[in-house]
Ligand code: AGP
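As structure tokens, one chain now follows by itself in the form predicted alone.
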């Protein structure tokens, strides 16, 4: 959600902070601000609005070689200049930027007000600046002041703190909200996302929960909340600044949809074993004996990751014949789940930092569960917490709505299902069939992308509808759910997905000429039943857009996609729905890459 950038070094900090904040805009935000220190003078600028508005508000003489910046997504207090970060203590000495939620903020605020502190904002975050400001007067050590202040704090945080009296250092801390250090040449950076750092360095260090760091121009040191020093080894990020350019596309979302032939090829690269017709997944860290010991697979994720998990559960049951299901991580972590020793748990997150999913992983680990991660970001929290997993290698996804990461996750599940199946009872012939199907996916996705002009016209045709119904059966149901998700989140058209077989159990009452239906109709053993469902909708004068492998007179409009193996067809059937949602949003003049009220990486509950 919110974004943090920090810099200390010989250069003017403000331009570096502003450029970093621009690279974090995709995370979603409503206000922005920065603070710099020069010659023991603290300067701040904060605005409600975009980073461009902040840049326009920064005066030419806003100089400093150390600084922090922030993009805020409102939780406590409405979007406003005053509620924007950084927050300053009463003595105008300490500046803090904060991601997360301080759960005991009201209690701490009352205590500080009782000691004479006057608060300026409605935020929970200002409690941190005021608390650290009180502590630093007692210790005259910013590191010690932050350590002492955080002992009083309950909640999640990623913070960066500067002190006008100590203009050569920044203190950062993490608990549930990511902080990454960037190592430069006689300069140091910190951020909530590597995207903010990639123009300046590819050498990064991830902080763990409960870990802090002091960064200076000539290096850094890390330590725990009880002041024990820790050792961190930097690693090199594979992505570079070019991955974050829009490549000449009007929107990042369209660029990322168009990249999917390449991203799927990267997800598959080196992972198909033609000798044994199995997926080579060394990152699982499981031998064949352990792999065979699992009797159930439980998949957890949030939003589109959850829907890809439903697709994955279907693949695992079909290919590996292991009972599998998917559940929202946000629900799973709160229902005191029974953690079974013979269940394999799989956590999905594009960023690897999704808070609800990370918290569920930590609960599973605490109870002794074996957890794999499917993530796109190397070195992310979920990647570090899990026992093994699969990296997607999809490249950075900038648009808030997930497309290429969703498809790469579905492909990763196909590889996992193939691996589990071949270790168990999937025949070599079926293994070969799935391997061949996986290899065809990139070219078939290219073929679907050539339908964009046709899909654009259909999107314009249906964009004015007050809402849309998405239906699919068995393999098609997760496709319908993801299609509805894409349409609602970027076009703001109300969209709901139902199993096609459930229409007659209530939702059929909604069918009318004003409410079109998008029907997912693969050419599989359920084709006749799906066509019967279309007949039920047509009998009630409902308009139908069918996505499948053939045309049908039962539908008003059809999008025909190439056919693969029946188990892999849902991956391809999803692509037209991405283009449909995109062009509907463009037709309605929506902010496609930054839909209202949403954020890319949800790092708070």
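Model, not experiment: these values are computed from the prediction. Numbering follows the first chain given and starts at 1.
Below, we refer to the form predicted together with this ligand, which is not included among the displayed structures.
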Option touching this ligand, based on a heavy atom within 4.5 Å in the predicted bound form, out of 176, 303, 516, 421
303
Heavy atom within 4.5 Å of this ligand in the predicted bound form - residue from 263, 314, 485, 491:
485
Do residue 400 and this ligand come within 4.5 Å of each other in the predicted bound form, heavy atoms counted?
yes
Classify residue 350 as contacting or not contacting this ligand in the predicted bound form by the rule of any non-hydrogen atom within 4.5 angstroms, answering yes or no.
yes
So in the predicted bound form, does residue 130 come within 4.5 Å of this ligand, heavy atom to heavy atom?
no
Given that this ligand is not shown alongside this chain, does residue 354 nevertheless sit within 4.5 Å of it in the predicted bound form, heavy atom to heavy atom?
yes
Tell me, please, which stretch of 86-94, 222-230, 508-516, 342-350 lies within 4.5 angstroms of this ligand in the predicted bound form when heavy atoms are compared?
342-350
